[in-house]
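Just one chain is shown here, as structure tokens, and it is the form predicted alone.
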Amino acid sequence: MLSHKAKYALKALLYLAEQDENHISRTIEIADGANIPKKFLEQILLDLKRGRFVSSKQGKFGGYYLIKSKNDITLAEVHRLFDGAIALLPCASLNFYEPCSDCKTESECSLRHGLMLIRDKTLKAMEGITIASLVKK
């Protein structure tokens, strides 16, 4: 399951993607428009900024805007930024791999092989869904 943080990040990205291209959205505007608690949103926007999905402009007319194309932001990227691995166990992960301490040999572990199949199908689905494909326009 997605964490609340990842869900709110996706909602914020969707809100920003629905705005006109040169529009800069204030935090309160995003919070109200995407129905996200403001206290969570500020940290989420900073994380999205560190992840190079959004940038910000300071000042009276400041706020946030997308710097990565909505066509290129996938659910997989956002999930990894906020929730980490897509795989169900570290031994089946592509980016967060760790061997299991209770396995005799990974090459013979049926559980690992099954979880790798799940990871591959989940990853393919999540990489195929972009913010642009979710925007309601």
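Counting begins at 1, following the sequence as shown. Just so it is clear, the model here is predicted, and its values are computed rather than measured.
One more form of this protein exists, namely the form predicted together with another copy of the chain; it is left out here, but the text below deals with it.
In the predicted complex, no heavy atom of Q19 sits within 4.5 Å of another copy of the chain. With a 4.5 Å cutoff on heavy atoms, L66 does not count as touching another copy of the chain in the predicted complex; it lies far away. In the predicted complex, another copy of the chain sits within 4.5 Å of a heavy atom of G33. Although the partner is absent from this view, L111 contacts another copy of the chain in the predicted complex, with a non-hydrogen atom inside 4.5 angstroms. The stretch from 66 to 74, 38 to 46, 51 to 59, 102 to 110 that comes within 4.5 Å of another copy of the chain in the predicted complex, counting heavy atoms only, is 102 to 110.
Of all the residues from 1 to 23, those having a non-hydrogen atom no more than 4.5 Å from another copy of the chain in the predicted complex are M1, L2, K7, Y8, L10, K11, L14.
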